[in-house]
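In the form predicted alone, a lone chain appears below as structure tokens.
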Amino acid sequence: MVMKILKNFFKRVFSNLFKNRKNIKLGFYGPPNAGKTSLANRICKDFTGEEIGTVSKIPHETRKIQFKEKVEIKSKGKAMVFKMIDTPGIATKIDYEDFMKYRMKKKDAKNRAKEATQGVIEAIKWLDDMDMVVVVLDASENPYNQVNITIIGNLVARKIPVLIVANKVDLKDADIKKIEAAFPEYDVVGISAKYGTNLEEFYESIFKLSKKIK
């Protein structure tokens, strides 16, 4: 009788612990135009029917934190619930003149630069609220740069579980091996958010990473 009571007690405890781990806060970080919002949009659209934000060829389209609650990702018989958090692109320098190259008026360009700068600060602050993070990098770009090192460094300092996504594998110049060489201590998954390439492996990696949450 005592054993049965104890078994039921521990069953309730572990059940409650599992429930508390639901709706894991999953953040999408990376440099501008790497495809963070495109990936978050595809996931949210596939599992909720709604996108999380807008995308544009102009850098820093996402300038504020945007999120979607209770996104249940299902893959190969597994299912987990996440709070998807899409963040502004991290940059060490934001110049309004760069936006004017996209035929923006000077006033609009300056306003966008100001908002983008505030977005970077907000994104870094939000790191303290993340359970796990997906760092989205453009597989056709050189991964060895100050921005990427800054992002990874901030995550390491906070001991946040990380998955690196090499996005845009559909591009001719894409090179996943460069990203793997740059960050050998992390799992790297090559995908195309635009075409939905290799998302099953991405989901499997997300489930695997969730086990590292403390």
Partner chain sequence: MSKRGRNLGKIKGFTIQFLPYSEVRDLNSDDRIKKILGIVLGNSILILQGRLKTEEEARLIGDTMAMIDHVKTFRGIELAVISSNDKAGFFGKMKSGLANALSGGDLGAVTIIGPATIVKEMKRNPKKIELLLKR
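Numbering follows the first chain given and starts at 1. Every value quoted in this text rests on a predicted model; they were computed, and no experiment measured them.
As for the form predicted in complex with the partner chain, it is not shown, yet the points below apply to it.
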message: Just checking whether residue 149 would be counted as a contact of the partner chain in the model of the complex - the rule being heavy atoms within 4.5 angstroms.
response: yes
- prompt: Given that the partner is absent here, does residue 75 sit within 4.5 Å of the partner chain in the model of the complex, heavy atoms only?
  reply: no
message: Does any part of residue 140 reach within 4.5 Å of the partner chain in the model of the complex? Heavy atoms only, please.
response: no
field: Touches the partner chain in the model of the complex: residue 33 (any heavy atom, 4.5 Å)
entry: no
message: Using a 4.5 Å heavy atom cut-off, which of 130-138, 95-103, 80-88, 67-75 contacts the partner chain in the model of the complex?
response: 95-103
field: 39, 59 and 108 all contacting the partner chain in the model of the complex, non-hydrogen atom within 4.5 Å
entry: no
task: Pull the contact list for 103-136: residues with a heavy atom within 4.5 Å of the partner chain in the model of the complex, in sequence order.
output: 114, 117, 118, 120, 121, 124
